[in-house]
Structures are given as C-alpha cells and as structure tokens.
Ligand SMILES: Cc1cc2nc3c(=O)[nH]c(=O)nc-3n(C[C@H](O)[C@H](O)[C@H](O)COP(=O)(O)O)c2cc1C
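Before any questions on how it binds or moves, here is one chain, the form predicted on its own, in structure tokens.
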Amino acid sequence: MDWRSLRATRAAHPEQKAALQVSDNFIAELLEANEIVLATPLYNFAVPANVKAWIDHIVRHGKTFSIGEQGYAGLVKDRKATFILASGGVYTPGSPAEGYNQGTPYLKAIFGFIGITDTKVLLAGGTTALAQGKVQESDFLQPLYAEVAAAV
C-alpha cells in the first residue's frame, strides 16, 4: 500500500474527518486574513503547546505549502504577520539573554515556510517585574502601545 492509498483510508475514518475539519476551519480563517496578529507568551523560551498545536493545524501539504521539483513552496502569499511575544525575561536583540528567545526564529521560520515572509516581532519582555510590582502596569504597557500602533 502506498502513502496515497493509506492517506485516503485514514481520511475515511470519522475521527480523521473531524480532525481535518478543525484544520480546514483554521486554514480558512488564515486565508481570509490580510494580516495575522499573533500574541503569545513565551514559556521556557518558546511558544506554548496550544500555539504549536494551532500551527500544526495550519501547516498542511496542498493547503498552505506544496512540494515540487524545486522543493517546498509556501502557498499563503501577500499577507503580513505581526508576532507579539510576552515573556518574564528580557530577550531583546543585543541583550545577554537574546539567544534564549526561541519563539521569534521559530515563528519566522514556520510562517515563512507557508509563504508569509513579511513579519514583525514585538517583544514584551520583563513581565516578571510587572507581576512582582516592581513596575506599574501603565509604565510597562505605554511603550508597547506605541510599538503595536506603529507595527499594525
């Protein structure tokens, strides 16, 4: 049995159809958008499992990427994405902890893989200081508001 017939057999099962319907719905939402704004925390330097699960649903062969003689090609074109990453630590470019931010390179790579290469990243680092009362909420958010307004 080759992979095409195996895939067709699996797609006939109700559980597989239900899972594909969830994926189809997420992909339809993605394709309707001109710009994607993804705001997520960084947990242990990367995106949380629920964001990864959503990504696993939207990255599908024949829907958002293809494989041809030239290799992989993203099918989601002419869209922009803005990623807002909140973290307890500060991972700004040039900081000693910059390399711990695995969320930015992952999101840029996976969205680029499906064809979205016009991306911006806004880092909302230092939320630990906010949670500990070392900085006021308005003081923490004010510079972020300006960045979001300029980016979106």
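Start at 1 and count along the sequence shown; that's the residue number. The shown structure was predicted, so the numbers you read here are calculated from the model rather than taken from an experiment.
Form predicted together with the named molecule: not shown, discussed below.
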Quiz item: Is there a heavy atom of Phe45 lying 4.5 Å or less from a heavy atom of the named molecule in the predicted complex?
Solution: yes
Practice problem: Determine whether any heavy atom of Gly88 comes within 4.5 Å of a heavy atom of the named molecule in the predicted complex, and answer yes or no. | Solution: yes
Self-check item: is_contact(Thr64, the named molecule) in the predicted complex, heavy atom dist at most 4.5 Å
Solution: no
Quiz prompt | Interface membership of Thr104, the named molecule in the predicted complex, 4.5 Å heavy atom rule | solution = no
Self-check item: Segment assignment from 113-121, 64-72, 22-30, 37-45: heavy atom within 4.5 Å of the named molecule in the predicted complex
Solution: 37-45
